[in-house]
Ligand SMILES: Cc1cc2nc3c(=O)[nH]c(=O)nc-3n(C[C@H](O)[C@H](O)[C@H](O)COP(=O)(O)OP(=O)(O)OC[C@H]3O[C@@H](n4cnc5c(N)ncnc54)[C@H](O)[C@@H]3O)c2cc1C
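This document opens with one chain alone, in C-alpha coordinates, the form predicted on its own.
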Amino acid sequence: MKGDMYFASASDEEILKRGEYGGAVTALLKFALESKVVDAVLGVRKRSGNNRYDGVLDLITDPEEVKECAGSLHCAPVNIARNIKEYLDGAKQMKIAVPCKPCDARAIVEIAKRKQIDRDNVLLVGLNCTGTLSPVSAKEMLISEYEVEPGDVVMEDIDEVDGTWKLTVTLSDGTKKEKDLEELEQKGYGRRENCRRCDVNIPRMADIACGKWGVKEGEKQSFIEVCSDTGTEFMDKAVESDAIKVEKPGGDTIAERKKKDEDAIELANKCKEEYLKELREMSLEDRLAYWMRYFDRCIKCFGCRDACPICYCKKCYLEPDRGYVPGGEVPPDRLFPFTRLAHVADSCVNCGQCQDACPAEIPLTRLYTMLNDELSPMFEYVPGMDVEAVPPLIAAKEEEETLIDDINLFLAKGGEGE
(Lines give C-alpha, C1' and ligand atoms only; values in the text may rest on other atoms or scores of the structure.)
Protein backbone atom coordinates (compact mmCIF):
# COMPACT_ATOMS: atom_id res chain seq x y z
CA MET A 1 0.00 0.00 0.00
CA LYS A 2 0.97 3.67 -0.21
CA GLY A 3 3.82 4.34 2.21
CA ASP A 4 5.23 0.82 2.06
CA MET A 5 9.01 0.60 1.84
CA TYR A 6 11.27 -2.14 0.45
CA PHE A 7 14.84 -3.12 -0.15
CA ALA A 8 14.76 -4.38 -3.74
CA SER A 9 17.12 -5.96 -6.26
CA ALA A 10 16.72 -7.47 -9.72
CA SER A 11 16.06 -11.20 -10.02
CA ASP A 12 17.68 -11.18 -13.47
CA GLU A 13 21.43 -11.79 -12.98
CA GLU A 14 22.44 -9.68 -16.00
CA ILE A 15 20.46 -6.68 -14.74
CA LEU A 16 21.78 -7.22 -11.21
CA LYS A 17 25.33 -7.04 -12.58
CA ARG A 18 24.68 -3.95 -14.72
CA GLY A 19 22.83 -2.00 -12.04
CA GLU A 20 24.71 0.27 -9.65
CA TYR A 21 22.37 -0.46 -6.74
CA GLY A 22 20.85 -3.84 -7.45
CA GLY A 23 19.24 -3.03 -10.80
CA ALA A 24 15.77 -2.72 -9.26
CA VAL A 25 14.74 0.24 -11.44
CA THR A 26 15.83 -1.46 -14.67
CA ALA A 27 14.08 -4.69 -13.63
CA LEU A 28 10.86 -2.81 -12.87
CA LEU A 29 10.90 -0.95 -16.19
CA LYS A 30 11.53 -4.20 -18.08
CA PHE A 31 8.68 -5.86 -16.18
CA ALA A 32 6.34 -2.95 -16.97
CA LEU A 33 6.85 -3.60 -20.69
CA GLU A 34 6.72 -7.40 -20.48
CA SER A 35 3.51 -7.38 -18.44
CA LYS A 36 1.85 -4.77 -20.72
CA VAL A 37 1.43 -2.36 -17.81
CA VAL A 38 2.81 0.22 -20.25
CA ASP A 39 3.30 0.43 -24.01
CA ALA A 40 6.75 2.01 -23.83
CA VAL A 41 9.52 3.22 -21.54
CA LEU A 42 11.00 6.70 -22.02
CA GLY A 43 14.56 5.90 -21.01
CA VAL A 44 17.96 7.58 -21.21
CA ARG A 45 20.93 5.93 -22.95
CA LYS A 46 24.53 6.93 -23.55
CA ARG A 47 24.81 8.16 -27.10
CA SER A 48 27.78 5.89 -27.78
CA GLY A 49 30.29 3.70 -25.95
CA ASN A 50 31.17 4.89 -22.45
CA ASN A 51 30.26 8.52 -23.10
CA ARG A 52 28.65 9.45 -19.78
CA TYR A 53 28.36 13.10 -20.82
CA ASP A 54 25.92 12.77 -23.72
CA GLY A 55 22.69 11.01 -22.77
CA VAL A 56 19.80 10.79 -25.20
CA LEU A 57 16.13 10.02 -24.66
CA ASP A 58 14.84 6.85 -26.26
CA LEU A 59 11.27 5.56 -26.50
CA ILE A 60 11.73 1.83 -25.88
CA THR A 61 9.18 -0.88 -26.67
CA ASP A 62 11.47 -3.94 -26.55
CA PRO A 63 11.92 -5.14 -22.92
CA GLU A 64 15.46 -6.38 -23.65
CA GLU A 65 16.54 -2.90 -24.77
CA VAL A 66 15.66 -1.45 -21.36
CA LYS A 67 18.85 -3.05 -20.03
CA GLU A 68 20.86 -0.52 -22.07
CA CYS A 69 19.55 2.23 -19.77
CA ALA A 70 20.95 0.67 -16.58
CA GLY A 71 23.04 2.97 -14.40
CA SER A 72 22.90 6.68 -13.55
CA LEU A 73 24.09 9.47 -15.84
CA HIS A 74 24.63 12.41 -13.48
CA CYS A 75 26.35 14.45 -16.21
CA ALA A 76 23.55 14.16 -18.78
CA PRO A 77 20.58 16.18 -17.41
CA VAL A 78 18.15 15.42 -20.25
CA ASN A 79 14.80 17.22 -20.52
CA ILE A 80 12.35 14.36 -19.95
CA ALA A 81 9.20 16.33 -19.09
CA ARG A 82 9.49 18.58 -22.15
CA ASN A 83 9.48 15.57 -24.44
CA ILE A 84 6.83 13.40 -22.83
CA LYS A 85 4.03 15.51 -24.30
CA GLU A 86 5.13 14.39 -27.77
CA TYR A 87 4.09 10.82 -26.97
CA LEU A 88 0.91 11.52 -25.00
CA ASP A 89 -0.83 13.81 -27.43
CA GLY A 90 -3.80 12.91 -29.64
CA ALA A 91 -3.36 10.00 -32.02
CA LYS A 92 0.08 9.16 -30.63
CA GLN A 93 -1.32 8.62 -27.15
CA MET A 94 0.05 5.62 -25.26
CA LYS A 95 0.90 4.60 -21.72
CA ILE A 96 4.52 5.26 -20.78
CA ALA A 97 6.79 4.39 -17.85
CA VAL A 98 9.14 7.27 -17.08
CA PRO A 99 12.20 7.05 -14.81
CA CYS A 100 12.46 10.59 -13.51
CA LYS A 101 14.26 12.91 -11.10
CA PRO A 102 12.14 14.98 -8.69
CA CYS A 103 12.12 18.03 -10.98
CA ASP A 104 11.04 15.86 -13.93
CA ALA A 105 8.22 14.31 -11.89
CA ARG A 106 7.10 17.72 -10.63
CA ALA A 107 6.99 19.11 -14.18
CA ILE A 108 4.94 16.12 -15.37
CA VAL A 109 2.49 16.66 -12.50
CA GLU A 110 2.18 20.35 -13.43
CA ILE A 111 1.52 19.78 -17.13
CA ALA A 112 -1.05 17.11 -16.23
CA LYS A 113 -2.89 19.68 -14.10
CA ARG A 114 -2.97 21.96 -17.12
CA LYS A 115 -4.60 19.21 -19.21
CA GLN A 116 -1.55 18.78 -21.47
CA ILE A 117 -1.31 15.06 -20.73
CA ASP A 118 -3.43 12.46 -18.95
CA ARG A 119 -1.65 11.58 -15.69
CA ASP A 120 -3.23 8.10 -15.81
CA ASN A 121 -1.14 7.37 -18.91
CA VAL A 122 2.15 7.84 -17.07
CA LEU A 123 3.83 5.46 -14.63
CA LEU A 124 6.34 7.66 -12.78
CA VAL A 125 9.32 5.70 -11.47
CA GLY A 126 10.97 8.35 -9.32
CA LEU A 127 14.74 8.47 -8.78
CA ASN A 128 16.13 10.08 -5.64
CA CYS A 129 18.42 12.95 -6.60
CA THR A 130 20.78 15.37 -4.88
CA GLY A 131 21.84 17.03 -8.11
CA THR A 132 23.11 16.70 -11.67
CA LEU A 133 26.24 18.13 -13.30
CA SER A 134 26.69 20.11 -16.50
CA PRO A 135 28.63 17.86 -18.94
CA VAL A 136 31.06 20.60 -20.03
CA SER A 137 31.98 21.81 -16.52
CA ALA A 138 32.04 18.19 -15.27
CA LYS A 139 34.77 17.31 -17.77
CA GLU A 140 36.77 20.40 -16.83
CA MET A 141 36.39 19.54 -13.14
CA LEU A 142 37.54 15.95 -13.60
CA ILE A 143 40.69 17.10 -15.41
CA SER A 144 41.60 20.06 -13.18
CA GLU A 145 40.39 18.93 -9.73
CA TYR A 146 40.45 15.11 -9.84
CA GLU A 147 43.32 14.87 -12.34
CA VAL A 148 41.64 12.05 -14.26
CA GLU A 149 40.51 11.59 -17.84
CA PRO A 150 36.70 11.98 -18.14
CA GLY A 151 36.55 8.84 -20.29
CA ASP A 152 37.98 6.77 -17.42
CA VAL A 153 35.05 7.59 -15.12
CA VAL A 154 32.40 4.86 -14.87
CA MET A 155 30.32 6.22 -11.98
CA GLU A 156 29.66 9.38 -9.96
CA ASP A 157 28.10 9.62 -6.53
CA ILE A 158 27.01 12.50 -4.27
CA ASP A 159 26.67 11.53 -0.62
CA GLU A 160 27.30 12.68 2.92
CA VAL A 161 30.41 11.20 4.53
CA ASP A 162 31.01 11.91 8.24
CA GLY A 163 28.93 15.09 8.06
CA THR A 164 30.53 16.42 4.85
CA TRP A 165 28.99 16.17 1.40
CA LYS A 166 31.35 14.52 -1.11
CA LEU A 167 31.38 14.06 -4.86
CA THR A 168 33.01 10.68 -5.50
CA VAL A 169 34.01 9.33 -8.90
CA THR A 170 34.83 5.71 -9.67
CA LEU A 171 37.34 4.89 -12.42
CA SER A 172 37.35 1.89 -14.74
CA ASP A 173 40.01 0.14 -12.64
CA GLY A 174 37.87 0.46 -9.49
CA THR A 175 39.79 3.40 -8.02
CA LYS A 176 37.63 5.95 -6.17
CA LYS A 177 38.44 9.64 -5.81
CA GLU A 178 36.42 12.05 -3.69
CA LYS A 179 36.32 15.81 -3.18
CA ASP A 180 34.43 18.11 -0.83
CA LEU A 181 31.26 19.09 -2.73
CA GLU A 182 30.91 22.58 -1.26
CA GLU A 183 34.55 23.40 -2.02
CA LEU A 184 34.08 22.30 -5.62
CA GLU A 185 30.98 24.46 -5.96
CA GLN A 186 32.77 27.51 -4.55
CA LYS A 187 35.17 27.08 -7.47
CA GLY A 188 32.29 26.97 -9.95
CA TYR A 189 32.25 23.19 -10.40
CA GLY A 190 29.99 20.54 -8.89
CA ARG A 191 26.24 20.55 -9.38
CA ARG A 192 24.19 22.76 -11.67
CA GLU A 193 23.00 25.98 -9.97
CA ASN A 194 19.36 24.96 -9.64
CA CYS A 195 20.33 21.59 -8.15
CA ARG A 196 22.35 23.22 -5.37
CA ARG A 197 19.29 24.87 -3.87
CA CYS A 198 16.73 22.15 -4.63
CA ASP A 199 15.15 20.84 -1.42
CA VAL A 200 13.25 17.94 -3.03
CA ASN A 201 15.44 14.83 -3.02
CA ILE A 202 12.87 12.03 -2.73
CA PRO A 203 10.21 12.25 -5.51
CA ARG A 204 7.11 11.32 -3.52
CA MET A 205 4.92 12.91 -6.21
CA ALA A 206 5.89 9.93 -8.40
CA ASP A 207 4.27 6.49 -8.11
CA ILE A 208 7.35 4.97 -6.51
CA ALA A 209 10.57 6.60 -5.28
CA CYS A 210 13.85 4.68 -5.66
CA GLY A 211 17.29 5.43 -4.23
CA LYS A 212 20.22 4.19 -2.19
CA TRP A 213 19.77 6.08 1.07
CA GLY A 214 19.21 3.58 3.87
CA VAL A 215 20.92 0.71 2.03
CA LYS A 216 23.96 -0.69 3.83
CA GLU A 217 27.27 0.01 2.13
CA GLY A 218 28.29 -2.81 -0.22
CA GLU A 219 24.74 -4.17 -0.59
CA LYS A 220 23.43 -4.44 -4.17
CA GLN A 221 19.98 -3.07 -3.38
CA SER A 222 17.73 -0.06 -3.85
CA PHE A 223 15.43 1.48 -1.27
CA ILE A 224 11.91 1.86 -2.71
CA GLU A 225 9.02 3.83 -1.22
CA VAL A 226 5.52 3.35 -2.63
CA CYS A 227 3.87 6.75 -3.15
CA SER A 228 0.51 6.14 -4.86
CA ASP A 229 -2.22 3.57 -5.43
CA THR A 230 -0.83 3.03 -8.94
CA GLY A 231 2.59 2.40 -7.41
CA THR A 232 1.10 -0.10 -4.96
CA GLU A 233 -0.58 -2.11 -7.71
CA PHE A 234 2.55 -2.06 -9.86
CA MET A 235 4.89 -3.15 -7.06
CA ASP A 236 2.55 -5.96 -6.01
CA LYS A 237 2.56 -7.32 -9.57
CA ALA A 238 6.35 -7.02 -9.87
CA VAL A 239 6.93 -8.88 -6.60
CA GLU A 240 4.40 -11.59 -7.45
CA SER A 241 6.03 -12.15 -10.85
CA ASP A 242 9.51 -12.38 -9.26
CA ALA A 243 10.83 -9.50 -11.40
CA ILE A 244 12.44 -8.18 -8.23
CA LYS A 245 13.41 -9.63 -4.88
CA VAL A 246 12.33 -7.58 -1.88
CA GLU A 247 12.71 -7.45 1.87
CA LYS A 248 11.40 -5.03 4.47
CA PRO A 249 13.84 -2.41 5.78
CA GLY A 250 14.33 -2.03 9.52
CA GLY A 251 13.52 1.07 11.52
CA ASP A 252 17.18 2.04 11.70
CA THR A 253 17.57 2.12 7.92
CA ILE A 254 14.36 4.11 7.50
CA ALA A 255 15.65 6.60 10.06
CA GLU A 256 19.00 6.80 8.25
CA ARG A 257 17.23 7.56 4.98
CA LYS A 258 15.18 10.28 6.66
CA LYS A 259 18.31 11.80 8.20
CA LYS A 260 20.08 11.87 4.82
CA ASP A 261 17.11 13.66 3.30
CA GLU A 262 17.00 16.22 6.13
CA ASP A 263 20.73 16.89 5.79
CA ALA A 264 20.41 17.36 2.02
CA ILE A 265 17.52 19.78 2.55
CA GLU A 266 19.62 21.71 5.06
CA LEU A 267 22.45 22.01 2.52
CA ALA A 268 19.98 23.16 -0.16
CA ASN A 269 18.49 25.82 2.09
CA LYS A 270 21.98 27.06 2.98
CA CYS A 271 22.87 27.34 -0.72
CA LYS A 272 19.58 29.12 -1.48
CA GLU A 273 20.07 31.68 1.27
CA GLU A 274 23.58 32.44 0.03
CA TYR A 275 22.39 32.62 -3.57
CA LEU A 276 19.51 35.03 -2.85
CA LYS A 277 21.17 37.11 -0.14
CA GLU A 278 22.33 39.86 -2.49
CA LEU A 279 18.87 40.27 -4.03
CA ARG A 280 17.03 40.20 -0.71
CA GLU A 281 19.19 43.01 0.63
CA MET A 282 18.39 45.25 -2.35
CA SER A 283 15.64 47.87 -2.43
CA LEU A 284 12.83 47.20 -4.92
CA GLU A 285 14.27 49.86 -7.23
CA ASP A 286 17.74 48.33 -7.15
CA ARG A 287 16.32 44.85 -7.66
CA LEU A 288 14.39 46.00 -10.73
CA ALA A 289 17.50 47.69 -12.13
CA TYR A 290 19.48 44.50 -11.51
CA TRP A 291 17.08 42.45 -13.63
CA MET A 292 16.76 45.10 -16.32
CA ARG A 293 20.51 44.89 -16.89
CA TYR A 294 20.20 41.15 -17.45
CA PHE A 295 17.03 41.40 -19.53
CA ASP A 296 18.82 43.83 -21.86
CA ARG A 297 21.08 40.92 -22.81
CA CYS A 298 18.14 38.89 -24.14
CA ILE A 299 18.47 38.20 -27.87
CA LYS A 300 14.99 36.67 -28.16
CA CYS A 301 16.30 33.30 -29.32
CA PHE A 302 13.31 31.55 -27.65
CA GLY A 303 15.74 29.00 -26.15
CA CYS A 304 14.33 29.27 -22.60
CA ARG A 305 10.78 28.94 -23.88
CA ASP A 306 11.60 25.91 -26.01
CA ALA A 307 13.42 24.19 -23.12
CA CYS A 308 10.81 24.86 -20.44
CA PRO A 309 8.66 21.79 -19.68
CA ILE A 310 5.86 23.98 -18.28
CA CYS A 311 5.58 26.44 -21.19
CA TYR A 312 2.88 24.65 -23.14
CA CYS A 313 1.03 27.18 -25.36
CA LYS A 314 0.29 25.62 -28.73
CA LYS A 315 1.02 28.99 -30.34
CA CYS A 316 3.28 31.39 -28.47
CA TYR A 317 1.90 34.91 -27.95
CA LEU A 318 5.33 36.34 -28.80
CA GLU A 319 5.57 34.81 -32.26
CA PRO A 320 5.27 37.51 -34.99
CA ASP A 321 2.27 35.93 -36.73
CA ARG A 322 0.10 36.33 -33.60
CA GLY A 323 -0.25 40.05 -34.32
CA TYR A 324 1.22 41.22 -31.03
CA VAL A 325 4.69 41.49 -32.56
CA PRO A 326 4.92 42.86 -36.14
CA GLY A 327 5.84 40.33 -38.80
CA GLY A 328 9.56 39.99 -39.40
CA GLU A 329 10.43 41.48 -36.02
CA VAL A 330 11.45 40.03 -32.69
CA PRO A 331 9.82 41.06 -29.37
CA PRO A 332 11.26 44.37 -28.11
CA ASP A 333 13.85 44.42 -25.33
CA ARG A 334 12.60 43.18 -21.96
CA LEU A 335 9.13 42.20 -23.25
CA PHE A 336 10.13 38.61 -23.90
CA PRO A 337 11.55 37.78 -20.42
CA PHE A 338 8.72 39.68 -18.71
CA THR A 339 6.07 37.76 -20.67
CA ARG A 340 7.78 34.45 -19.92
CA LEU A 341 7.90 35.40 -16.27
CA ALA A 342 4.16 36.07 -16.19
CA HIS A 343 3.44 32.73 -17.86
CA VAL A 344 5.48 30.35 -15.69
CA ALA A 345 6.32 32.08 -12.40
CA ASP A 346 3.53 30.23 -10.59
CA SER A 347 4.53 26.80 -11.90
CA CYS A 348 8.35 26.71 -12.12
CA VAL A 349 9.75 23.43 -10.73
CA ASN A 350 13.42 24.52 -10.62
CA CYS A 351 14.61 22.12 -13.34
CA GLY A 352 17.13 24.70 -14.62
CA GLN A 353 16.59 23.86 -18.29
CA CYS A 354 15.90 27.50 -19.21
CA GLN A 355 19.21 28.73 -17.82
CA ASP A 356 21.10 25.84 -19.43
CA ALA A 357 19.68 26.90 -22.81
CA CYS A 358 20.33 30.65 -22.46
CA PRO A 359 23.26 31.81 -24.65
CA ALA A 360 23.22 35.24 -22.95
CA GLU A 361 23.89 33.66 -19.53
CA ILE A 362 20.93 35.34 -17.85
CA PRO A 363 20.54 33.83 -14.33
CA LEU A 364 16.94 32.80 -14.94
CA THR A 365 16.83 30.18 -12.20
CA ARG A 366 17.77 32.84 -9.65
CA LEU A 367 14.78 34.91 -10.76
CA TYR A 368 12.31 32.02 -10.59
CA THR A 369 13.70 30.76 -7.28
CA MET A 370 13.28 34.20 -5.75
CA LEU A 371 9.71 34.54 -7.00
CA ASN A 372 8.74 31.01 -5.99
CA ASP A 373 10.06 31.74 -2.52
CA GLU A 374 7.75 34.73 -2.29
CA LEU A 375 4.71 33.38 -4.15
CA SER A 376 4.48 29.91 -2.58
CA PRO A 377 3.62 31.14 0.94
CA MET A 378 1.24 33.72 -0.52
CA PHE A 379 -0.77 31.17 -2.51
CA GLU A 380 -0.02 28.17 -0.26
CA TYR A 381 1.09 26.26 -3.34
CA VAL A 382 4.35 24.54 -4.28
CA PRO A 383 4.47 23.53 -7.97
CA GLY A 384 4.42 19.83 -8.76
CA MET A 385 4.40 18.54 -5.19
CA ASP A 386 0.74 17.63 -4.63
CA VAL A 387 -1.18 15.91 -7.41
CA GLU A 388 -4.51 17.14 -6.02
CA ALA A 389 -3.54 20.78 -5.32
CA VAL A 390 -4.96 23.31 -7.77
CA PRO A 391 -2.56 25.90 -9.28
CA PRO A 392 -2.98 29.43 -7.84
CA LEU A 393 -4.31 31.14 -10.97
CA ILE A 394 -7.09 28.55 -11.09
CA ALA A 395 -7.79 28.27 -7.37
CA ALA A 396 -9.32 30.78 -4.98
CA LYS A 397 -9.25 30.82 -1.20
CA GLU A 398 -12.54 30.75 0.69
CA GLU A 399 -12.30 34.43 1.67
CA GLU A 400 -11.56 35.34 -1.96
CA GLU A 401 -14.64 33.43 -3.13
CA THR A 402 -16.74 35.28 -0.56
CA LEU A 403 -15.37 38.60 -1.82
CA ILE A 404 -16.20 37.65 -5.41
CA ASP A 405 -19.76 36.73 -4.38
CA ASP A 406 -20.12 40.10 -2.63
CA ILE A 407 -18.86 41.95 -5.71
CA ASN A 408 -21.26 40.03 -7.98
CA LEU A 409 -24.16 40.81 -5.65
CA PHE A 410 -23.16 44.49 -5.59
CA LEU A 411 -23.08 44.61 -9.39
CA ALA A 412 -26.42 42.78 -9.64
CA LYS A 413 -27.98 45.56 -7.55
CA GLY A 414 -26.71 48.15 -9.97
CA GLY A 415 -23.85 49.23 -7.72
CA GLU A 416 -26.11 50.27 -4.88
CA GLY A 417 -25.81 49.40 -1.19
CA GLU A 418 -22.83 48.72 1.04
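The first residue of the shown sequence is 1; numbering continues from there. Keep in mind that this is a model prediction, so the values were computed, not measured.
Unshown form predicted in complex with this ligand; subsequent notes refer to it.
The closest heavy atom approach of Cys354 to this ligand in the model of the complex falls outside 4.5 Å. In the model of the complex, this ligand lies within 4.5 Å of some heavy atom of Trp213. For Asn350, no non-hydrogen atom is located within 4.5 Å of this ligand in the model of the complex, even though that partner is not displayed. Contact between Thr26 and this ligand in the model of the complex is found at the 4.5 Å heavy atom cutoff.
Residue heavy atoms within 4.5 Å of this ligand in the model of the complex occur in exactly one stretch of 266-274, 279-287, 129-137, 174-182, and that stretch is 129-137.
Put simply, of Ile158, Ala345, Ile254, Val153 only one has a heavy atom within 4.5 Å of this ligand in the model of the complex, and it is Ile158. With the partner omitted from this view, the residue of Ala360, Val38, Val382, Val44 that lies near this ligand in the model of the complex is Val44 [heavy atom within 4.5 Å]. The partner is not shown here, but in the model of the complex the stretch 36-74 reaches within 4.5 angstroms of this ligand through a heavy atom at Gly43, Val44, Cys69, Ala70, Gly71, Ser72, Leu73, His74.
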